[in-house]
Ligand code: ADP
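We begin with a single chain expressed as structure tokens, specifically the form predicted alone.
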Amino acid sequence: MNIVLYGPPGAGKGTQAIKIAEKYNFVHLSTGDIFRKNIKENTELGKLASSYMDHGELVPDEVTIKMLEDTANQYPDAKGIIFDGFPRTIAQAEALDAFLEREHGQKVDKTLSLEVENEELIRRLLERGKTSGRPDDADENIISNRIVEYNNKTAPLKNYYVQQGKFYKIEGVGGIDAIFERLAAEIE
């Protein structure tokens, strides 16, 4: 089973993706983690991604897709994959569909959307910024720009997955375990 965990920055995708991966023995692919690894290792793709992320902008599709495909191909026998933070554009969703079919004979089975209001997202990200060491979590202007970018570029993905009958809204407010229970109910 391949699941896209969808939602704005600060919705809790990373936290919930880890819990899903543990419970169902899925591979957790976080584009944020993949970006940070490439940035830390100072790869060419990492340098390029960093130049966008530092301003709260989305990394271009071709960079993101290349990083993700390279990482996903390291798990050819995965029971399932939880895609955390990918796709973010319709072009990325189409590339993911093509990649899964071409390389693995699979598809995206469900898109689980964590729904959280903007004020709560900003509060969560500022709080995370106190300990994450991520400059994009410590500046309210950058956070606001990330949310605007999400609403302009990523939110249209909803219709892409709705049209395929693969889009499920999950309330992303409340305790971590309560949110996880709502996600698990939809997975099962």
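The numbering used is simple: start at 1 and walk along the sequence shown. Please read all numbers here as calculations on a predicted model, not as lab measurements.
Here the subject shifts to the form predicted in complex with this ligand, a form of this protein not shown in this document.
This ligand is not shown here, but in the predicted bound form it comes within 4.5 Å of a heavy atom of Glu57. Looking at Met53, you'd find a heavy atom of it within 4.5 angstroms of this ligand in the predicted bound form. Although the partner is absent here, Gly172 is not a contact residue: none of its heavy atoms lies within 4.5 angstroms of this ligand in the predicted bound form. In the predicted bound form, this ligand stays beyond 4.5 Å of every heavy atom belonging to Gly129. If you check this ligand in the predicted bound form, you find no heavy atom from any of Gly80, Thr111 and Phe180 within 4.5 Å. The candidate stretches are 131-139, 116-124, 159-167, 40-48, and the one lying within 4.5 Å of this ligand in the predicted bound form by heavy atoms is 131-139. For the partner-free chain shown, nothing in 163-188 comes within 4.5 angstroms of this ligand in the predicted bound form, judged by any non-hydrogen atom.
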